[in-house]
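Here we start with a single chain on its own, the form predicted on its own, put down as C-alpha coordinates.
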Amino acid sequence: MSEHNKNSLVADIFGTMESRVNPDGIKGITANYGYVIQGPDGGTWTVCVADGKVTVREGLVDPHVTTTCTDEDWVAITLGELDGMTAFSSGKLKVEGDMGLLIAAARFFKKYAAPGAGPQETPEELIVLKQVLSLDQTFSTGPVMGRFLNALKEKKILANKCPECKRLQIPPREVCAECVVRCEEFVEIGPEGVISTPDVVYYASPDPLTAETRETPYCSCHFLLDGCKGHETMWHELKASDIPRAKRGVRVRPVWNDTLKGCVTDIKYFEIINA
(Lines give C-alpha, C1' and ligand atoms only; values in the text may rest on other atoms or scores of the structure.)
Protein backbone atom coordinates (compact mmCIF):
# COMPACT_ATOMS: atom_id res chain seq x y z
CA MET A 1 0.00 0.00 0.00
CA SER A 2 1.40 3.45 -0.89
CA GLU A 3 2.03 6.24 1.64
CA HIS A 4 -1.10 8.02 0.37
CA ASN A 5 -3.15 4.96 1.23
CA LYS A 6 -1.64 4.58 4.68
CA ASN A 7 -2.53 8.16 5.58
CA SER A 8 -6.08 7.96 4.14
CA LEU A 9 -9.12 6.79 6.07
CA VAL A 10 -12.10 5.13 4.43
CA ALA A 11 -14.37 7.14 6.71
CA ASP A 12 -12.91 10.38 5.34
CA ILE A 13 -13.73 9.31 1.79
CA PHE A 14 -17.38 8.79 2.67
CA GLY A 15 -17.39 11.84 4.94
CA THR A 16 -16.41 14.14 2.09
CA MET A 17 -18.76 12.71 -0.52
CA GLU A 18 -21.58 15.18 0.14
CA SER A 19 -19.18 18.10 -0.38
CA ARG A 20 -17.68 16.55 -3.52
CA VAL A 21 -20.96 16.01 -5.40
CA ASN A 22 -20.93 16.66 -9.14
CA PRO A 23 -24.45 18.04 -9.80
CA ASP A 24 -24.43 17.07 -13.47
CA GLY A 25 -23.37 13.52 -12.64
CA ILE A 26 -26.35 12.75 -10.39
CA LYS A 27 -29.06 14.22 -12.60
CA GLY A 28 -31.97 11.83 -13.06
CA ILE A 29 -30.54 9.24 -10.61
CA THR A 30 -32.62 7.88 -7.74
CA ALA A 31 -30.96 4.93 -6.01
CA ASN A 32 -29.26 3.73 -2.84
CA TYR A 33 -25.66 2.54 -3.16
CA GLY A 34 -24.44 0.20 -0.43
CA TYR A 35 -20.75 -0.24 0.41
CA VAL A 36 -19.25 -3.02 2.52
CA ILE A 37 -15.62 -2.08 3.16
CA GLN A 38 -13.69 -4.85 4.87
CA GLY A 39 -10.59 -4.41 7.02
CA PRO A 40 -9.49 -2.45 10.10
CA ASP A 41 -10.55 0.89 8.58
CA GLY A 42 -13.70 -0.53 7.03
CA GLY A 43 -17.39 -0.40 7.78
CA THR A 44 -20.72 -0.17 5.95
CA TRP A 45 -22.20 2.92 4.33
CA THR A 46 -25.12 3.79 2.08
CA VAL A 47 -24.92 6.62 -0.45
CA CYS A 48 -28.48 7.78 -1.12
CA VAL A 49 -29.01 9.70 -4.36
CA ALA A 50 -32.38 11.40 -4.91
CA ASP A 51 -33.77 14.73 -6.10
CA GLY A 52 -30.36 15.96 -7.19
CA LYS A 53 -28.87 15.47 -3.70
CA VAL A 54 -26.56 12.96 -2.03
CA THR A 55 -26.87 11.78 1.56
CA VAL A 56 -24.34 9.42 3.13
CA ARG A 57 -25.55 7.15 5.95
CA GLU A 58 -23.71 4.61 8.06
CA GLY A 59 -24.94 1.04 7.63
CA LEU A 60 -26.83 -0.52 4.73
CA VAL A 61 -30.18 1.15 3.99
CA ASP A 62 -32.17 -0.74 1.31
CA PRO A 63 -29.36 -0.63 -1.28
CA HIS A 64 -30.19 -1.21 -4.96
CA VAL A 65 -26.58 -2.20 -5.58
CA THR A 66 -23.90 -3.19 -3.07
CA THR A 67 -20.13 -3.01 -3.52
CA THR A 68 -17.78 -5.10 -1.38
CA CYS A 69 -13.99 -4.75 -1.21
CA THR A 70 -11.14 -4.28 1.27
CA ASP A 71 -10.27 -0.91 2.79
CA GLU A 72 -6.91 -0.96 1.01
CA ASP A 73 -8.47 -1.54 -2.42
CA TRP A 74 -11.25 1.02 -1.81
CA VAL A 75 -8.71 3.75 -1.00
CA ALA A 76 -6.64 2.78 -4.05
CA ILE A 77 -9.70 2.94 -6.32
CA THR A 78 -10.74 6.33 -4.91
CA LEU A 79 -7.24 7.77 -5.38
CA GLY A 80 -7.07 6.46 -8.94
CA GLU A 81 -4.26 4.01 -8.16
CA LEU A 82 -6.44 1.00 -8.98
CA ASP A 83 -8.89 0.87 -11.88
CA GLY A 84 -12.39 -0.11 -10.74
CA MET A 85 -13.05 -2.44 -13.70
CA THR A 86 -9.67 -4.10 -13.17
CA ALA A 87 -10.54 -4.65 -9.52
CA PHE A 88 -13.93 -6.10 -10.51
CA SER A 89 -12.55 -8.47 -13.16
CA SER A 90 -9.81 -9.69 -10.81
CA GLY A 91 -12.26 -10.39 -7.98
CA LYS A 92 -10.98 -7.66 -5.64
CA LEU A 93 -14.30 -5.83 -5.93
CA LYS A 94 -17.64 -7.65 -5.79
CA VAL A 95 -20.99 -6.23 -6.87
CA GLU A 96 -24.50 -7.38 -5.98
CA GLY A 97 -27.48 -5.75 -7.68
CA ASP A 98 -27.84 -3.47 -10.69
CA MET A 99 -24.39 -3.14 -12.30
CA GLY A 100 -25.68 -0.34 -14.53
CA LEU A 101 -26.28 1.86 -11.48
CA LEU A 102 -22.71 1.33 -10.31
CA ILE A 103 -21.28 2.37 -13.67
CA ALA A 104 -23.26 5.62 -13.46
CA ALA A 105 -21.77 6.29 -9.99
CA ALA A 106 -18.36 7.00 -11.54
CA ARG A 107 -19.68 10.50 -12.45
CA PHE A 108 -21.17 11.37 -9.06
CA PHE A 109 -18.21 12.95 -7.27
CA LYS A 110 -15.31 15.29 -7.84
CA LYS A 111 -11.82 13.88 -7.32
CA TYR A 112 -10.97 12.98 -3.73
CA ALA A 113 -7.84 14.55 -2.21
CA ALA A 114 -6.22 12.55 0.60
CA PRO A 115 -5.55 14.47 3.84
CA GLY A 116 -2.08 16.04 3.76
CA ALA A 117 -1.69 15.43 0.04
CA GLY A 118 -1.25 19.15 -0.65
CA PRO A 119 -2.85 21.21 -3.41
CA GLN A 120 -3.93 19.36 -6.51
CA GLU A 121 -2.08 20.22 -9.68
CA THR A 122 -4.24 21.47 -12.52
CA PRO A 123 -4.08 18.76 -15.18
CA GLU A 124 -2.78 19.72 -18.59
CA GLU A 125 -5.59 20.50 -21.02
CA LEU A 126 -6.12 17.72 -23.51
CA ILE A 127 -7.09 18.89 -26.97
CA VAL A 128 -8.72 16.22 -29.12
CA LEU A 129 -9.22 16.44 -32.86
CA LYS A 130 -11.49 13.63 -34.05
CA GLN A 131 -10.69 12.85 -37.65
CA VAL A 132 -10.77 9.63 -39.64
CA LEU A 133 -7.86 9.43 -42.03
CA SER A 134 -8.88 8.60 -45.57
CA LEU A 135 -5.95 8.02 -47.88
CA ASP A 136 -6.41 7.69 -51.64
CA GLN A 137 -4.63 4.40 -52.29
CA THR A 138 -4.79 1.63 -54.85
CA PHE A 139 -3.79 -1.96 -54.13
CA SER A 140 -3.15 -4.70 -56.66
CA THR A 141 -5.32 -7.75 -55.97
CA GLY A 142 -3.37 -10.04 -58.24
CA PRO A 143 -4.62 -11.91 -61.33
CA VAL A 144 -6.83 -14.45 -59.52
CA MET A 145 -8.74 -12.11 -57.23
CA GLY A 146 -8.74 -9.51 -59.99
CA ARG A 147 -10.58 -11.91 -62.29
CA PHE A 148 -13.13 -12.61 -59.55
CA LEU A 149 -13.76 -8.89 -58.97
CA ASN A 150 -13.99 -8.07 -62.67
CA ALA A 151 -16.64 -10.77 -63.08
CA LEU A 152 -18.81 -9.01 -60.48
CA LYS A 153 -19.20 -6.11 -62.91
CA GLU A 154 -21.09 -8.57 -65.14
CA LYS A 155 -23.08 -9.95 -62.19
CA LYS A 156 -21.12 -13.20 -62.31
CA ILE A 157 -19.65 -15.03 -59.31
CA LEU A 158 -16.54 -17.09 -60.03
CA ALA A 159 -14.81 -19.84 -58.09
CA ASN A 160 -11.71 -21.76 -59.06
CA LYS A 161 -11.32 -25.54 -58.96
CA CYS A 162 -8.43 -27.56 -57.58
CA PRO A 163 -7.06 -29.92 -60.27
CA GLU A 164 -6.46 -32.67 -57.68
CA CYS A 165 -9.30 -32.69 -55.12
CA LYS A 166 -11.77 -30.87 -57.44
CA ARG A 167 -12.79 -28.64 -54.53
CA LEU A 168 -14.11 -25.16 -55.39
CA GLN A 169 -12.65 -22.08 -53.70
CA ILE A 170 -14.82 -19.01 -53.27
CA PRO A 171 -13.44 -16.37 -53.43
CA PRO A 172 -10.81 -17.97 -55.66
CA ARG A 173 -7.18 -18.32 -54.52
CA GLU A 174 -4.06 -19.05 -56.50
CA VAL A 175 -3.29 -22.23 -54.54
CA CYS A 176 -5.60 -24.92 -53.12
CA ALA A 177 -5.65 -24.57 -49.33
CA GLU A 178 -5.64 -28.36 -48.91
CA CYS A 179 -3.57 -29.77 -51.80
CA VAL A 180 -1.20 -26.80 -52.11
CA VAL A 181 -1.28 -26.87 -55.90
CA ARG A 182 -2.10 -24.05 -58.33
CA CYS A 183 -5.75 -23.68 -59.33
CA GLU A 184 -6.15 -22.23 -62.82
CA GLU A 185 -9.62 -23.50 -63.81
CA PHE A 186 -12.45 -21.01 -63.15
CA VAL A 187 -16.11 -21.99 -62.74
CA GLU A 188 -19.16 -19.73 -62.66
CA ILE A 189 -21.40 -20.52 -59.69
CA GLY A 190 -24.71 -19.25 -58.34
CA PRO A 191 -25.68 -16.52 -58.24
CA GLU A 192 -28.55 -18.09 -56.27
CA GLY A 193 -28.06 -20.59 -53.49
CA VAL A 194 -29.07 -21.54 -49.96
CA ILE A 195 -28.13 -20.46 -46.44
CA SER A 196 -25.57 -22.86 -44.99
CA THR A 197 -24.71 -21.23 -41.65
CA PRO A 198 -26.40 -18.02 -40.37
CA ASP A 199 -24.83 -15.89 -37.64
CA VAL A 200 -26.97 -13.11 -36.13
CA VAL A 201 -25.10 -10.31 -34.31
CA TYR A 202 -26.99 -8.41 -31.60
CA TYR A 203 -24.01 -6.49 -30.18
CA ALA A 204 -21.61 -4.75 -32.55
CA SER A 205 -18.07 -3.97 -31.42
CA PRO A 206 -17.00 -0.33 -31.80
CA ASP A 207 -15.06 0.67 -34.88
CA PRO A 208 -11.43 1.17 -33.70
CA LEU A 209 -11.08 4.35 -35.80
CA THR A 210 -14.38 6.11 -35.15
CA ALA A 211 -15.64 4.38 -31.95
CA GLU A 212 -19.01 4.07 -33.68
CA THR A 213 -21.02 0.88 -33.75
CA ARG A 214 -23.11 -0.33 -36.65
CA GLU A 215 -26.85 -0.84 -36.49
CA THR A 216 -27.90 -4.16 -35.01
CA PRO A 217 -29.03 -6.82 -35.36
CA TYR A 218 -27.33 -7.89 -38.57
CA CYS A 219 -26.77 -11.34 -40.01
CA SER A 220 -23.72 -12.70 -41.78
CA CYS A 221 -24.03 -16.09 -43.46
CA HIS A 222 -22.09 -18.73 -45.28
CA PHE A 223 -24.05 -19.20 -48.51
CA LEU A 224 -23.83 -22.44 -50.48
CA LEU A 225 -24.28 -21.19 -54.01
CA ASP A 226 -25.64 -23.35 -56.83
CA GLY A 227 -22.86 -25.51 -58.25
CA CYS A 228 -21.06 -25.79 -54.90
CA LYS A 229 -21.14 -28.57 -52.30
CA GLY A 230 -20.09 -29.27 -48.72
CA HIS A 231 -18.03 -26.45 -47.28
CA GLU A 232 -17.61 -24.57 -50.56
CA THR A 233 -19.45 -21.53 -49.21
CA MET A 234 -19.30 -17.79 -49.79
CA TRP A 235 -19.50 -15.43 -46.83
CA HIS A 236 -21.72 -12.34 -47.10
CA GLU A 237 -24.55 -10.55 -45.30
CA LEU A 238 -28.27 -11.27 -45.33
CA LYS A 239 -30.88 -8.54 -45.83
CA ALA A 240 -31.81 -7.16 -42.39
CA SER A 241 -35.55 -7.63 -42.82
CA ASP A 242 -34.98 -11.32 -43.65
CA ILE A 243 -33.21 -12.12 -40.37
CA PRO A 244 -36.32 -13.66 -38.69
CA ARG A 245 -36.46 -16.21 -41.53
CA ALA A 246 -32.75 -17.02 -41.60
CA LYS A 247 -32.50 -20.83 -41.48
CA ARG A 248 -30.34 -23.46 -43.10
CA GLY A 249 -31.51 -24.49 -46.51
CA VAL A 250 -33.53 -21.33 -47.24
CA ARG A 251 -32.95 -20.15 -50.82
CA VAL A 252 -31.38 -16.75 -51.42
CA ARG A 253 -30.16 -14.52 -54.25
CA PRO A 254 -27.75 -11.58 -54.36
CA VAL A 255 -28.95 -7.98 -54.48
CA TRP A 256 -26.59 -6.00 -56.71
CA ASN A 257 -25.63 -2.35 -56.40
CA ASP A 258 -26.89 0.03 -59.06
CA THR A 259 -23.31 0.84 -60.06
CA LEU A 260 -20.91 -2.10 -60.43
CA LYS A 261 -17.24 -1.22 -59.97
CA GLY A 262 -15.62 -4.62 -59.64
CA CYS A 263 -15.29 -4.52 -55.85
CA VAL A 264 -16.66 -6.40 -52.85
CA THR A 265 -19.49 -3.88 -52.42
CA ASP A 266 -20.98 -4.76 -55.81
CA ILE A 267 -23.17 -7.24 -53.91
CA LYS A 268 -25.03 -5.28 -51.22
CA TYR A 269 -26.39 -8.40 -49.51
CA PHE A 270 -28.33 -11.59 -50.18
CA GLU A 271 -32.10 -11.76 -49.78
CA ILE A 272 -34.42 -14.67 -49.21
CA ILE A 273 -36.36 -15.77 -52.29
CA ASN A 274 -40.04 -15.83 -51.44
CA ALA A 275 -41.63 -19.12 -52.40
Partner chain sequence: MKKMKKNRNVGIIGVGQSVFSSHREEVNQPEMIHEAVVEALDQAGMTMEDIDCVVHGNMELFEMVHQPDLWHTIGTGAFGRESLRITTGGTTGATLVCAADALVASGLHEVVMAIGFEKLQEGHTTGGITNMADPLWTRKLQTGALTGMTATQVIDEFGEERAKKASMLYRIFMDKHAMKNDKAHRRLGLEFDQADDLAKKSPALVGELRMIHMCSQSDGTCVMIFASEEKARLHCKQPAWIKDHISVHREENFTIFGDALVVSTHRYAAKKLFARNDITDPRKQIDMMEMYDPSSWWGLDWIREFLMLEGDAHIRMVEEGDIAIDGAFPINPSGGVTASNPIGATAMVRVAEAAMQIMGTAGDHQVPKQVNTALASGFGGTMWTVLTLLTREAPEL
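Predicted model, so just to flag it, every value in this text is computed and none were measured. Numbering follows the first chain given and starts at 1.
Omitted from view is the form predicted together with the partner chain, to which the following refers.
Contact between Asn32 and the partner chain in the model of the complex is not found at the 4.5 Å heavy atom cutoff. In the model of the complex, at least one heavy atom of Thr265 sits within 4.5 Å of the partner chain.
Interface residue remark: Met85 is counted as part of the site for the partner chain in the model of the complex, having a heavy atom within 4.5 Å. Proximity of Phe148 to the partner chain in the model of the complex falls within the 4.5 Å heavy atom cutoff. Checked against the partner chain in the model of the complex, the residues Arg248, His64, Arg245, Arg57 give one hit for a heavy atom within 4.5 Å, which is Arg248. Contacts between 129-145 and the partner chain, taken as any heavy atom within 4.5 Å in the model of the complex, involve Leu133, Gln137, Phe139, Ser140, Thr141, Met145.
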